[in-house]
Structures are given as structure tokens and as C-alpha cells.
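First comes one chain, alone, set out as C-alpha cells in the form predicted on its own.
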């Protein structure tokens, strides 16, 4: 039986891997990289290769890179994602069928944690349900960028007796301003926070967490929003990609 591992690798630095993840890396025969076309692809692959160089057994494994299909926005977001997942399922099933021998272990290195804002686990389960490939699989949890953001800013995610929300910029933009209290927003490359610059909110922002380009900004959103939006725009333009995350927190009287 073939086996597939979905290994959470944290936000990018080798120090953010768990011992379970490190042990799992050392059992893998084939690592699969599914990459988008465009500038920045090589750097994203290199970050993961650096992790493999640090922890995986040299000479045991090989890497296979495949092109990730584009996501169409023509039919709307949710329909576009469903079609995108279908396209990815066909590619991943092909990789498992063609590149993994019976008895071997393959793996995808998942940014952060496989259960948080990554579709690979859903796609793998769909492949099995549709009979596109036969294999067993295991999920190895990882340190999320949510946890890393809090650690790097030295803050608690929740306040005493309170809660926090983890959301997307798309969902944030649908949220009435007065309902934003303590919200973590992931992968906002278009500075949705700027819409709420008139609110009494503090922002704790981070980009490229755990990498040599890590950037941290915190303070009053009213003061920071214009410059921070430009900083995010420039970072994405210069590198071709932007992994950012932030906490919006309403100030208490």
C-alpha cells in the first residue's frame, strides 16, 4: 500500500517544525511540490528544500515538482475554488499513481498546519472518495502562522474571558466595523485592514514569518494603515508573493 503524509512545516523556518514532523520527514521516499507559475516560485521551493536539507535523510528521497493549475475567478469564488480543487485532485492523483511505488511514502510539505486554510487535505480525501488513486494517508500537525504571529509580537491571542476569530480578508470585508473585536486575518495581500482605519483598533501585523525577510509592525491602525498598506504592496511587488497575517484588536476603554 502506498502512503501519503501531509506534513505541517510551520511558516517557513526549520526551527518551527515539531519533532513529529522531523521524524516523518525521515520516512519519505518522494516529496511532491505543487507550485504556481510566476515569480517567487523558486524561493518558495528553496525554503522547503532548506528544511529537507536540515532534517531529511540525504540520499533517501527524491523531489517531484508539478505545475499547480490556475484558479479561475470567472464563475465566482466558491465555484472557482471547487473547480480548482478538481483540477488539483487530478494532478495529485496522477503524481501518486505515476511517481510513487507500492510500499513507498510520499509527502506534501504544508505551510503552517494542514487543517488551517490549506486545501490539500480536502483534495486528498476527495481523491480517495472518487477512487482516483489508492493509498493510506496521515496528517502531521504544524505550528501555524497564527501562533507564530502571537509569539513574535509577544501577545496573547485571547483576552481574559474572551475569544478570538480567525478569518480571511474576504470575510473581514463583509463584517460590520463595530463587530470587529479580536480578529486574526490570514493572507491579506490587498490590505483589507485599511477599510477599518477609522476604528479604535490596534494592529499586530507580520509578513514572511520565520524567514530572513520577516517583517513585524504593530500599533494604532489609524496611524499605521496608509504606510502599512503601501509596505504590503511593495513587498508583494518585489518578491512576487506575500504571506502576511495580522491581529486586529479593539482597544478597551
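Residue numbers count along the first chain shown, from 1. Nothing here was measured: the structure is a model prediction, and the numbers come from that model.
Heads up, the form predicted in complex with another copy of the chain isn't pictured, but that's what we're talking about next.
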**Study point:** residue 114, heavy atom within 4.5 angstroms of another copy of the chain in the model of the complex
**Key:** yes
**Study point:** Proximity of residue 234 to another copy of the chain in the model of the complex, heavy atoms at 4.5 Å
**Key:** no
Exercise for review: Spell out, yes or no, whether the shortest heavy atom distance between residue 22 and another copy of the chain in the model of the complex is within 4.5 Å.
Suggested key: yes
Exercise for review: With heavy atoms only and a cut-off of 4.5 Å, decide whether residue 161 touches another copy of the chain in the model of the complex.
Suggested key: yes
Exercise for review: Name the single residue among 126, 87, 99, 118 that comes within 4.5 Å of another copy of the chain in the model of the complex, judging by heavy atoms.
Suggested key: 118
Practice item. Heavy atoms within 4.5 Å of another copy of the chain in the model of the complex is the criterion; list the residues of 1-30 that meet it. Key: 14, 15, 16, 17, 18, 19, 20, 22, 23
